[in-house]
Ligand SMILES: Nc1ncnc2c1ncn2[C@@H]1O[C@H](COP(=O)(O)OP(=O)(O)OP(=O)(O)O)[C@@H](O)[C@H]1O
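In the form predicted on its own, a lone chain appears below as structure tokens.
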């Protein structure tokens, strides 16, 4: 008989998955409102596993609203209303039966501004592990903390001050700490809402390199206003305008052969 401890530890011992052309998120006929204002119109999309999907488009066009639907973050907004279906691994997450807490364990999120907890770097990482996997032993916790800091390209920079406040490290380091913290509970899908907008170019490059590397194990969805960033890291791109997806496809097709005047104008900086 397999114990709960063995089951929890197995989550962290799994090998990276070989990328497959399978669907991670399926969005069908999604419409959304804040009060009486409709912000998403008939959105249909397939997001593939183990690829980076970038949402681009002007401010206020619905990118972040859709992103927040994937882990039910919009539930915290009383005026928000959604119609349509969003399936993750063939399970509709929009139903009343779907548990938002379980969904957020599978779908992690990093925000525009780093949100490090006002505690040590070590406790920032230990907290989600102990809350989600209370039966894991101390040695395994330490192994996970070190591994996730390494995965986030942060371990060598903070290993000598891991018991000091996370608020004392740089903004770029704090953002990578937030990524490491998200990875501690082994989600399947990673959401990023403008994660580099407040960072310097060096910190941005480190996070971009990190995202390209970890897509072998996770599915990544990123909202970005930085077109060059999308060019550098995205496998697939969806262009939003006024709550609708105007074009979507591979990054190569979106950037090299745009099919609409709207996308051409956006890429040239005219919108």
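Predicted model, so just to flag it, every value in this text is computed and none were measured. Positions refer to the first chain, counted from 1.
The protein also exists as the form predicted together with the named molecule; that form is not presented, and the subsequent description refers to it.
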Among 231 to 239, 41 to 49, 212 to 220, 62 to 70, which stretch has residues with heavy atoms no more than 4.5 Å from the named molecule in the model of the complex? 62 to 70
Heavy atom within 4.5 Å of the named molecule in the model of the complex - the one residue of 127, 198, 77, 98 that qualifies: 77
Can any non-hydrogen atom of residue 194 be found within 4.5 angstroms of the named molecule in the model of the complex? yes
How about residue 37 - does it come within 4.5 Å of the named molecule in the model of the complex, if we only consider non-hydrogen atoms? yes
According to a 4.5 angstroms non-hydrogen atom cut-off, is residue 244 in contact with the named molecule in the model of the complex? no
Answer for residue 28 alone: is it within 4.5 Å of the named molecule in the model of the complex, judged on heavy atom distances? no
Taking the named molecule in the model of the complex, which residues of 142 to 164 have any heavy atom within 4.5 Å of it? none
